[in-house]
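Next up: just one chain, as structure tokens, the form predicted alone.
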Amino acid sequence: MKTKYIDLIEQTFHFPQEEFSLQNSQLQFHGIDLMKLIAQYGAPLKFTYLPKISENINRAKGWFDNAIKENNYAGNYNYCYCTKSSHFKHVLNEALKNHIHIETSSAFDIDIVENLKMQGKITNDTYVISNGFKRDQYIQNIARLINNGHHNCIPIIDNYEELNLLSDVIDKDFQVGIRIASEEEPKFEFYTSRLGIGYRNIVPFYNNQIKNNPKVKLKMLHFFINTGIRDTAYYWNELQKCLKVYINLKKICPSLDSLNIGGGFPIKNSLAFDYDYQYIINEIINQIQIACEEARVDAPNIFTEFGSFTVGESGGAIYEVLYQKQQNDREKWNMINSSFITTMPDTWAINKRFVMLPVNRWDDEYERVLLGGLTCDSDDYYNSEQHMNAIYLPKYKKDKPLYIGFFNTGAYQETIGGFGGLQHCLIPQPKHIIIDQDEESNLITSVFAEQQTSEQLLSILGYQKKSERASEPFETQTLENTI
């Protein structure tokens, strides 16, 4: 009878997989010895594996290149990274190695762009697609960027006031885009996105505010739907409606040459994940090509904005199971040495699932469990896995430590959770490790942030005098050790 955890996985999924393998009954992630990482840095910890960011960017570029060649498509392709997914410097530095562009969503994003320009990471030729509802500081920062020569900064008009607000403070000619307020999926809580301008109002808006404005050129139509890019009737229907708007605009606006299809590529959330990226991209390019040929207009250049797809699969979190509580005859609670609410807020906020696997003891017998966090909040738990609506782990043994990993957690968790600030029930932020490769493909680790201390939390709460507070909440420490 097969009762080992490895038996369960091999009977349920194809295993090993591209990023996951076993060595001596211990999990390897992209060749990283996770138990050695734990031995060196302890648990809980978070890590970011930088090479995965470049890998995903270049995969997407390759898929679009293939689709453009297969369809003899006349337009070109531009990959943009959504900074809101993760603003950290190490993430932007890695992403920008791959000749990409940037999408921003707030005033402070422009400060990051200017910092990257000072470092030579981007130039005036880098597209900066400025999305979002723009108030005074964001407007001022966009204007500063354009006035200082960044000709490829393209503010995306979100409402009827923004064009005039921008024109008042930008002292030269500039380009803009218009965001479509797409209709939401029928099961959604409302009918139309709060972002952008309605389908039927875009051509009148162009005629009234842009057409006869010598200072402004319309370059881009921006299309994004909340569900992301998925092979559903809803997505293809919204894309067709978008193409009708593009064609109507293109016929009266020669400067319009770009279509931004947004983002929303899904990332792997279980070992059973299956998504045919190349098929979807081929179909998108094909439908744009057919619509433009039938209307006898030039096919647009294509822009995408990928956030989670860029950075999500680079991240992971590792916890130790501290104790098991048998609460009744059916429910066993494995208590981790951290909190889901503080370290992976999407698990309780939107019931998001991540790849969850034990790091060690794969040759042990398994059992069905629930996972609980350290806080006293009843929502601090994780109890559903993608494949069976249950979690199975090697049996808890007090004398044999069990470590578990959550993978592909690299997008949004720090920004939603409030990196470096107060955490729920004052559970501290765990240590954060950066993993990179040198020229010989050796894995090099460094400490980006130590675990929060009680002194730092007390300082934030005002229990220490200002002079006693640490000037820097975290100190980056580079280690030469190779995993």
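All residue numbers are counted from 1 along the displayed sequence. Quick caveat: nothing in here was measured; it's all calculated off a predicted structure.
The form predicted in complex with a small molecule is left out here; the points below concern that form.
Stretch 256 to 264 is the contacting one of 135 to 143, 256 to 264, 334 to 342, 356 to 364, since its residues have non-hydrogen atoms within 4.5 Å of the small molecule in the predicted complex. The small molecule in the predicted complex comes within 4.5 Å of no heavy atom belonging to Y319. Among residues of the shown chain, T347 is not one whose heavy atoms approach the small molecule to within 4.5 Å in the predicted complex. At least one heavy atom of F306 is located within 4.5 Å of the small molecule in the predicted complex. Residue contact with the small molecule in the predicted complex: H101 places no heavy atom within 4.5 Å of it.
This chain lacks the partner; the member of L218, C82, I154, V113 within 4.5 angstroms of the small molecule in the predicted complex by a non-hydrogen atom is C82.
Proximity to the small molecule in the predicted complex, taken as a non-hydrogen atom within 4.5 angstroms, holds for one residue of Y412, Y381, F174, Y235, which is Y412.
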